[in-house]
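As a starting point, one isolated chain is supplied in structure tokens, in the form predicted on its own.
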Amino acid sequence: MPRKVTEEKQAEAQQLLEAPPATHLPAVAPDSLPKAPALTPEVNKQTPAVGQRVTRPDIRTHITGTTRYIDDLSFPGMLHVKILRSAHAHARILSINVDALHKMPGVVATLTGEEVPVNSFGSTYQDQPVLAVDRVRHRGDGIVAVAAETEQQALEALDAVKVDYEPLPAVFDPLEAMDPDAPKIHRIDNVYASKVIMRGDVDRGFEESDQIFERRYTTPMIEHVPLEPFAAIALWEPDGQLHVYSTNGRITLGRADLARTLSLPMNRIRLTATIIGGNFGGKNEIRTEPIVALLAKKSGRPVKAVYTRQEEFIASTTRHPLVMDYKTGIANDGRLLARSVKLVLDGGAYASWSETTVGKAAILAAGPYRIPNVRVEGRAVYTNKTVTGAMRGFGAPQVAFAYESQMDEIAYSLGIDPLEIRLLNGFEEGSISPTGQVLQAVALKETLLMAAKRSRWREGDL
């Protein structure tokens, strides 16, 4: 081919690369695509609320202390509910006897799992009973609910419930739960959700690395501890409609779950979300709503249930504890060449939001860094512990702790400033994530530099 033609082709290709794209780039693209310019909306055009002062209509009642939360609500003839919870982390229920309760002062109605039309619920899988019938899988499992004239009478009535158990072997460590010989909590395998992400050739990346760093990181179970605990009130309207007041933060999902457990059409259920005194992700599922609804039906009176602080810790959901094994290969100049991550999520006794959490944790596990070779394997595992679910980030804070800890360790070992190693490897405009997403409007390095300047990280930042 003549040299002139070749030069013309190269010039034409260069013009195509430098020309602004007519449309957005696809979300997933191969590495060979050119970097795309930031496609951001003009200020006050697409997002007029950003940067503006916003008036909160509820601020006056909050600051004057007149806000009415669910525990401030009361209805004529309202009963109070307390729930007997399991005496074991794992056991078979041989028998439940509530005969003595009906002679107790103030007791109006009782409820067991056999009376729940569809006795299961859950955000990912419907694997959690409203009230346990034949087996308990953690200490927070409810077995019998009692509705009485006062909370004290309901609590005293719980002592009269007779439950005969056959204790079963329990497992509390997610790594032990993955062993084939570990006690089975629901089925043959305690691993019930997984996520795998691969990009490049990790094994080759490690072979080409000058140094390899390996470390296991762990994070604990964390309870949300909102000032307001879980609560629900149920009453049946004269026309046969069910009205439930609830602290549930996702009333659309809650209404669907309530309809399923009660085997009722959704158009016969009204779920009213009360002002919530703290959520943080922990009030995304139904809890006592089916129980108060059925007890209200049995008694013909409004029924209210409020968790105690102890119940908040054992019968609600918590943040997932994670075991995270990180292996990172680097060049001597600090460039990241390969990263392998293995995640094990302790899901507790039931699935809740674990499938979502293991997915998010796996997607974010490599960190906001340009790494050509990545492999992430995540698993969610059943144990006989408190159920783990949604909480502020759904797996992101746990992996952020791990990958940033390792970045600091690498920087320290190489004698590189922790800021500089992040600036060297951080995402840039047009970078491609481990899942193949082309990133736009990336401000990572600008943010780091601004934070460094304001915190006077460098001697010259005055």
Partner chain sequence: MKRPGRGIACMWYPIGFTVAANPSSAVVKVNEDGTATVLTGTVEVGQGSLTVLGQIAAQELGISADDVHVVSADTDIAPMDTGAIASRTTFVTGNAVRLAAAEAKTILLEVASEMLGMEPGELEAADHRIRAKTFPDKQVALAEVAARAQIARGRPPLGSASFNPPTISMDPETGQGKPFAAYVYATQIAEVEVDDETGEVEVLRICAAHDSGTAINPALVEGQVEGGIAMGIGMALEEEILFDAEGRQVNPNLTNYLIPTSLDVPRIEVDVIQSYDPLGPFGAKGVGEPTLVPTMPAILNAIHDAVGVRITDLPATAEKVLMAIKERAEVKPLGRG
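Please read all numbers here as calculations on a predicted model, not as lab measurements. Residue numbers count along the first chain shown, from 1.
Quick note: we don't show the form predicted together with its partner chain, though the next part is all about it.
Of the listed positions (172, 206, 165, 213), a single one reaches within 4.5 angstroms of its partner chain by any non-hydrogen atom in the predicted bound form, namely 172.
319 is the sole member of 304, 319, 287, 339 with a non-hydrogen atom lying within 4.5 angstroms of its partner chain in the predicted bound form. Of the candidate stretches 291 to 299, 327 to 335, 95 to 103, 355 to 363, only 355 to 363 contains residues with a heavy atom within 4.5 Å of its partner chain in the predicted bound form.
Contact with its partner chain in the predicted bound form holds for all three of 314, 369 and 398, each having a heavy atom within 4.5 Å. Among residues of the shown chain, residue 65 is not one whose heavy atoms approach its partner chain to within 4.5 Å in the predicted bound form. Proximity of residue 252 to its partner chain in the predicted bound form falls within the 4.5 Å heavy atom cutoff. Remark: residue 218 counts among the residues lining its partner chain in the predicted bound form, judged by a heavy atom distance of 4.5 Å or less.
For the chain shown alone, residue 419 is a contact residue for its partner chain in the predicted bound form, at least one non-hydrogen atom being within 4.5 angstroms. Shown here without its partner chain, the chain has 195, 196, 197, 198, 199 in 184 to 202 lying with a heavy atom within 4.5 Å of that partner in the predicted bound form.
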